[in-house]
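Let's start with one chain on its own, the form predicted alone, as structure tokens.
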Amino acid sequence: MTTTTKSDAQQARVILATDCGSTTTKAILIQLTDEGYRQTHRGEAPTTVEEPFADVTMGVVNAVVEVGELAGRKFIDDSGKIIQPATETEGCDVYISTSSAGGGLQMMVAGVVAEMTAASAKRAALGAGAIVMDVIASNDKRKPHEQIQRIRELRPDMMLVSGGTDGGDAKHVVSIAELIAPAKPQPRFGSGYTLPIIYAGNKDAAPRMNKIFEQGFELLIVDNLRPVLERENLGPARDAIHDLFLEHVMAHAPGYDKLMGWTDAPIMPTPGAVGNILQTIAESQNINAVGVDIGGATTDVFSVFDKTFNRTVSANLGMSYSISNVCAEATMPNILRWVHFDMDERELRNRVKNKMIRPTTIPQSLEALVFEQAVAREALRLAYIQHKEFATTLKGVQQQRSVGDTFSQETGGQTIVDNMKLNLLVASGGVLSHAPSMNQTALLLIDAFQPEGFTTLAKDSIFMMPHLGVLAQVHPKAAMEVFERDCLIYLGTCVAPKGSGKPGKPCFDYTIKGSTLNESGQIAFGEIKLLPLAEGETASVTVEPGRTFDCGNGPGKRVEKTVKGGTVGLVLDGRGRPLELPESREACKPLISKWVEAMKLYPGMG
């Protein structure tokens, strides 16, 4: 790997980026134009990490060749390598890559207390882009022999062990290590590979760790991720995970050693790169943001609230391989409440089974599309609930308590996800990015995430966020320019007061002043209204909520904000928060029909 410094990268005119997914390798070309950095061409090819090819670079070359043909530029030389630096007609100045091929990065984490150090370890692993296979803790309700059996069964790429604050009692974290070492966990890539273990616990226990893990493990000791109870320090553990991912995991995956020799920055796990760009945008614009990537097997949710980053993987919530799990967890009545016409439940169950057998199929009828989007609403809703439960303040820390907290027994552990503070909600993943109409994507997001107050909605145009996440490491300016201009498609803004009322009674009054949109009126409780506000346009919106409704300044208090337009427009949502639907299917259908019509979801389809 040739590491390009930020100062070198600033001179780059031609940037090539690839993302090696489990099934498809995607390549994009970014060039310096008269209007700054723009994404100009893209290509893709099947990933070649498995037999019979067993060399990831073949898929990379195929995707890059396609980009070269479209751009009229030669990127690959006669020996099959990427040409650098760029000339007028060939090569690139910077080449970067991400990867989730071969199942991505799979980890086990261990800590002393499940809700404290083990939770911090899980946050560090997820933030680095890993799939967490299991969490071992001294209080996880399993007997030692069951824990040992579990450690033996799983084949992680690496383990993260943590526990104890610096200077505290070391015996508990030592006993966790003494449980792991004799279990002799085997790495995923087999016997020729030594399992890396990162120790990020009480520093006083480090000498004991060296002794316990001296045989058959590659031990790396980093700073404690919970040095004191009141503070998390996840950075060193995350950096160590990235380094080991390159040195060990990638080096043993077919063809990655060759790929690493080509790249100008470390290869990152795809989810880690997505988290990276979300953090970059939140920091540069000083906003709170949530991003979601819904796939066939899993749903990833990323959030940045008050500069704190969290990521969760809902491994059982997806739209093809895991669709039956969504139906089981959400239940069919909850899915069908989002459907505005009659459907045969038996037929739907067959449809679900077919989707698992043939995961690449897409809906061929309006009925199939409406059902798939109803499943997606529930998958996203459940994934967001899991994310909120995970993204919490630190447990075990004594909070400042007010009179209102007297009846709450919990000290610490409250969610930091606050929909009223949410400024930007970004969607990616097939069911969201490739919905036939952007209005469908917008309402899917609003129904599932239930944003409050004023929230900008956007989608990732072609799943470009992983590429830009790595680029942000070497060229933040280029990454941000492409993110703003080519990656994000702004859908518009949702205005939604928090609170509940009686259907048909006033929810809020509004006044809108813009260059093309000037209007005032009233939204009743239970009503949703779509107004045209084009991409690139802004308008000043004043909301006067009813006395039981809050739009950000408190119940009944007036709010005035400048909002962004988009391909969908301005959504005035008076359905209340939390959004509650009638239990009866018969009462639900006319209500959903009204919303479908108001949002122009399926015009001319059927």
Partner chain sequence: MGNAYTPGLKVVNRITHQCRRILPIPGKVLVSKGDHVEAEQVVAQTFMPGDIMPVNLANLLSMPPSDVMECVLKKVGERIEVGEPLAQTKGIFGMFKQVYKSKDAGTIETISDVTGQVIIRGEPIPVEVRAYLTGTVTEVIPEQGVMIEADVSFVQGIFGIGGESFGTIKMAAASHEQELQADMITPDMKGCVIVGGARVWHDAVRKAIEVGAAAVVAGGIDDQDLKKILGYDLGVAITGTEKVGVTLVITEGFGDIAMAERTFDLLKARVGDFAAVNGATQIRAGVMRPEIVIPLSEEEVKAEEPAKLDGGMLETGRPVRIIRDPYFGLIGTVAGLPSEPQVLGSGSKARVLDVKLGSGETVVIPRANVELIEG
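Residue numbers count along the first chain shown, from 1. Source: prediction; values computed, not measured.
If you look for the form predicted in complex with the partner chain, you will not find it shown, but the lines that follow are about it.
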*asked:* Whether Val292 contacts the partner chain in the predicted complex should be assessed with a 4.5 Å heavy atom distance threshold; does it?
replied: no
*Non-hydrogen atom contact Thr415 with the partner chain in the predicted complex at 4.5 angstroms*: no
*With heavy atoms only and a cut-off of 4.5 Å, decide whether Arg337 touches the partner chain in the predicted complex.*
no
_in the predicted complex, does Gln186 come within 4.5 Å of the partner chain, counting heavy atoms only?_
yes
*Answer range among 347-355, 418-426, 86-94, 265-273 for contact with the partner chain, defined in the predicted complex as heavy atoms within 4.5 Å*: 347-355
*Proximity to the partner chain in the predicted complex, single hit among Glu389, Glu214, Asp306, Glu178 (heavy atom within 4.5 Å)*: Glu178
*asked:* Counting any non-hydrogen atom inside 4.5 Å, which residue from Gly514, Pro506, Pro254, Pro436 sits next to the partner chain in the predicted complex?
replied: Pro436
*Could you list the residues in 357-390 that come within 4.5 Å of the partner chain in the predicted complex, counting only heavy atoms and keeping sequence order?*
Ile357, Arg358, Pro359, Thr360, Thr361, Ile362, Pro363, Gln364, Ser365, Leu366, Ala368, Leu369, Glu372
